[in-house]
Structure formats: structure tokens, C-alpha cells
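Before any questions on binding or motion, here is one chain by itself as C-alpha cells, the form predicted alone.
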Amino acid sequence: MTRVVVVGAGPAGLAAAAHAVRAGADVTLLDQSAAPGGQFHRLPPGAPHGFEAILSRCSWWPESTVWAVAGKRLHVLRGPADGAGRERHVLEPDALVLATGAHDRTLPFPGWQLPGVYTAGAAQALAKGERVAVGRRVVVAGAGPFLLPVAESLLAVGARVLAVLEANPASTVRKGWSWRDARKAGELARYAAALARHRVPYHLGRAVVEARGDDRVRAVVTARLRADWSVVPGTERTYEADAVCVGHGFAPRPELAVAAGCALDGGFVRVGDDQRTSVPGVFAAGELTGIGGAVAAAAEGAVAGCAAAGGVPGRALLRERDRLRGFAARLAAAHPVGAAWPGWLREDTIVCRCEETTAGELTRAARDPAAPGPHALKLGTRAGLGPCQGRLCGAAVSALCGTAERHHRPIAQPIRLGELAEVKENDA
């Protein structure tokens, strides 16, 4: 029987596990969280998640962190991340499916380091998972349809959403949203009804360009943007707010794939028609291979799980995956990141929050002929050397300095020195 390990129990990983089991494989499903579902299916602690059927047919490893990969060989720590006594395990399956998802992409702006500035994903996670509102008067801003469920989640936990701001103009957004997908049209109508019921204005071509306050966010400045995201002078408006949630799309989490040796295209893992990566026996699915949302991720996971188990994905499965990939491509065209966003920044605007590297330091370093490469620029400015290792600031630093984003991060997950020194490693 083929042994398959799936890393990540979000929509892609769950679908991969289900289809690998269906194809006859012995499946182990890992996730860092205590419950399956990923961010998309996040629920309050103890709430029924609805995935019991698939978990009963495979080995389910919650609270499991993969901290190193070499080919298909995984080094795993099992146990609560903040607890003592985590167990070290080594897994070496016949096939590996990586479904590690994505995290928020957020562009810097003056004041974005203030308490009260949240990523859109963090705000939604607190609302859905903990029933906590990040503020009483909140502005939601950025680019992409994800802003709508974030606003809906905030309204559901009692926050007053002052406005939802999509940075792209209507002419750009219309490129993707042609109402050809009935399911998405219904979802959009539901969000529109929620905003209308709570009298939340939705503005296109407008963005948060500054957060103001001494100890925390007290006000938010917005401005109208041109199609390239340059600010139209004189259009600034100030909201009195105690929180702002910003999201400018998503960035994949390719660390494990890079460690495994998988080739990337534009930061995403390159896959073949059956989700096979450039490394034999390693498959990838979901946001790791392109940002397309939960339904597209599940379709890719289904193909990857079937192929990883040694099966041949059916034509209907491949057609559905391709159809959803097409929708994702239209969505990307509808909600791009405009090239002129650096115009929002000031000399002293912090870009790398871990190391407090400013926009001025980065642009001066980029112009210095003695430090032309991204590696020298990183060492010289310390941008990307902090705890997040450039996960949050990498794309912004690259855009400001005209360099390629570095995806190689030797530390995939933090591990205690005592755990690293532990000699006992259990085969499973």
C-alpha cells in the first residue's frame, strides 16, 4: 500500500487526503493547528468541524510542525507549540503532498506599525475563531474579494465597519468579475446584502494611505487612487477609527517546498498536470501553486491526492481544477497590486517591521553601486533578517529596490535548542 503524507489540513490538504484514501493509500495528515480546516474553515474551539469522516480513515496528526524537509523525508515535532515535551518524529513516505497555503500580503504605509493595524486575515481569524472584534470602529481596505468576508465577520462580532475600500478602480475590477460563475455571484450578493443591511459603504479606487495615533491607531487617512495606485492629490479623507484591517492579496508559503528542492515560478511552486513538482514523489496543491481561493485549492488537492496515491485523476476532476484555475486567473487580473504604491511612503516609513528598516534606507541602499545584489542589500539594511525572515516585507522590499524576492529561508519553523539537541527521533 502506498504511504502518503499530506502537510496542511486546509481545503487543499483535506481534499488530497480524502482522494488519496479513496485511491487506496495509507495516509497521514499533519497540521500545526489543533483542528482541521485551515483558515478558511476556522471555527471557535470545540465547535464541530465536520471532517470526522475523512479523519477516521487516515492517521490524523494535529499540532504537528514540520521543521525540516529533505526530499520526501520529514522531521516533525508533535505537541502544542508553546508546551514542553514535544516529540520528534521522522516520516519518509512514498509520496508527499504539500498544502501549506498562504499568508496575507500587506503593503506598508505611514503608521502601519501602530497597534490597531491588523492584516485582514488576522482580523478574520480573531472574529471567526475567538469571536473577538479587533476594534469598535474599523476600516477594511486593500485589494481583492477577501475584504468582503472580513467585513462580514467583523460585523458578526459587533464591530462597526466604517467603510470597505478596494484600491482598484471599477474598470479594472470588471476584468475578472463578469458574473459568469453563478456560485461566486451568489456569494457576492450575500456580502453586498450584509454591507447594505449595516449601511457600510464600499468604495472602489480608494485606499488607506496613512494610520495616525501616538500609542495606537486613532485615525485613518484614505485617498482616491488612479489605476496604477498613485494618489490623486486633494482627495484625502480622514476617518476616526480605532482599528484598520488591510490586505493586498496573499503570498504563498513555499518554505517546505523550497527545502525539498521544488522549483518555483514567480514565487509559486511549479507543478505538472497532476500537481507533481520537480522533485520525484513530491506534489503541491492549493495557494502554494497559485492564489485561487478555497474551492480551487480543494480541486487541486483532489488531483494531487489521487496522483500521489498512484491513481490517475479522472478527466472530470482535471476539468473542474482547470475551470477553477481559469477563474483564479481572472480574479488576479481584476485585483492586481498597482505599481505606483511606493508613492504612499515617506522617507521614515518603516518597511521591515522586524528590523525597523525604513523606505529611505532601502532606496538609498538600492542606489549604492557598492551593494548591487539582493543578498548584500539584505545584509546591509537588515531588511528580512528578523523573526519573519522576510515573509511580510519581502515583496515590498523587492518592489522598492528592484530586486528579486528571496524565497529561500533556512528556518522553516522555529525550534527550541533543547528540541534540536534531543537525540531520540521516532520513526513513524
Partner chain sequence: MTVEITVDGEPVAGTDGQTVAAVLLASGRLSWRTTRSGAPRGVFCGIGACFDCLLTVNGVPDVRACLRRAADGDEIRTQSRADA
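Numbering follows the first chain given and starts at 1. Source: prediction; values computed, not measured.
One more form of this protein exists, namely the form predicted together with the partner chain; it is left out here, but the text below deals with it.
Visitor: Counting any non-hydrogen atom inside 4.5 Å, which residue from Arg78, Arg216, Arg330, His203 sits next to the partner chain in the predicted complex?
Guide: Residue within 4.5 Å of the partner: Arg216.
Visitor: Of the options Ala366, Leu55, Cys388, Ala399, which one has a non-hydrogen atom that comes within 4.5 Å of the partner chain in the predicted complex?
Guide: Residue within 4.5 Å of the partner: Cys388.
Visitor: Since only the chain is shown here, I'm wondering whether Thr106 would be in contact with the partner chain in the predicted complex (any heavy atom pair within 4.5 Å).
Guide: Yes - in the predicted complex, heavy atoms of Thr106 and the partner chain come within 4.5 Å of each other.
Visitor: With the partner left out here, check for me: in the predicted complex, does some heavy atom of Val157 sit within 4.5 Å of the partner chain?
Guide: So Val157 does not count as contacting the partner chain.
Visitor: Residue-level question: is Glu210 within 4.5 Å of the partner chain in the predicted complex, judged on heavy atoms?
Guide: No, Glu210 is distant from the partner.
Visitor: Wondering, does His41 line up within 4.5 Å of the partner chain in the predicted complex on heavy atoms?
Guide: Answer no; every heavy atom of His41 is more than 4.5 Å from the partner chain in the predicted complex.
Visitor: Check Phe146, Ala151 and Tyr239: does every one of them have a heavy atom within 4.5 Å of the partner chain in the predicted complex?
Guide: The answer is no; none of Phe146, Ala151 and Tyr239 reaches the partner chain.
Visitor: Okay, which stretch from 399 to 407, 66 to 74, 22 to 30, 355 to 363 lines the partner chain in the predicted complex, with non-hydrogen atoms inside 4.5 Å?
Guide: Of the stretches listed, the one contacting the partner is 355 to 363.
Visitor: Using the arrangement in the predicted complex, list in sequence order the residues of 395 to 414 with any heavy atom within 4.5 angstroms of the partner chain.
Guide: Sequence-ordered list: Gln413, Pro414.
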